[in-house]
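Before any questions on binding or motion, here is one chain by itself as structure tokens, the form predicted alone.
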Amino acid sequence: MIQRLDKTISSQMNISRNDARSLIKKGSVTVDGNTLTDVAAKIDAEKSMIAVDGKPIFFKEHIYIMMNKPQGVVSATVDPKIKTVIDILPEELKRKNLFPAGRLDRDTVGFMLITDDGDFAHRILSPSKHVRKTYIAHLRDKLSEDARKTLENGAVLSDGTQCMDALVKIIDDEGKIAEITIREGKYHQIKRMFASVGNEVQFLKRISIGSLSLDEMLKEGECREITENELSLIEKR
């Protein structure tokens, strides 16, 4: 990928273009062992060995992050009053133009995908793709077999909205914890689906997107990069 040096440094270090230019002009940046002071120099960002003050910069056109979203944090890029999933990213993973691909309610926890790749996000969020998302729902009441079948066959929400068919499994002896897989993403959909059969979701966690499961080693609020192999699992049907 051929691009300007200042753009490369800015994007990879999560700094402004002006700050990147300052580093370049003062001789802090080397490319393939040679100091470059021309901010507009064109480099092959993917193949060149880039370093700033001797520290290697490993170029990535895009970044994909798996977060175990905690409660009380909103799925947004910026919010004037409430912490966002972008706010709680560790500094080493922050870079320009990051955004959450999709959303989880403020009180919902689990797998949140964060990226700066708009094309990828569009593909997995497009209604026509029907990317599967699986959740664990803790319910107020025992889920009856009739209610489970109603959800599986396509719940009708209180406003008349028809949901697509879902996969619903009871995973505890009391019948109050369900694993539910949907292929769409309507507003508050899981909660509204269970409400449509007279139940209430008291706790909700997303555990997978596509065929990629949330890393069980991630505590709430923790995150890590998604590998290339893992990334392909998200779009796998």
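Bear in mind the structure is a predicted one, so any value in this text is a computation, not a measurement. All residue numbers are counted from 1 along the displayed sequence.
What follows is about the form predicted in complex with uracil, which we do not show.
Can you pick the stretch from 100-108, 140-148, 122-130, 158-166 whose heavy atoms fall within 4.5 Å of uracil in the model of the complex?
Every other range fails; the passing one is 100-108.
The single option of 67, 45, 178, 190 touching uracil in the model of the complex, heavy atom within 4.5 Å:
Of the listed residues, the single hit is 190.
State yes or no: in the model of the complex, is some non-hydrogen atom of residue 209 no more than 4.5 angstroms from a non-hydrogen atom of uracil?
Heavy-atom contact with uracil at 4.5 Å: absent for residue 209.
Close approach of residue 204 to uracil in the model of the complex, 4.5 Å, heavy atom:
Contact check for residue 204: yes, within 4.5 Å of uracil in the model of the complex.
Stretch 129-152: residues contacting uracil in the model of the complex, 4.5 Å heavy atom cut-off:
Contacts from 129-152: just 135.
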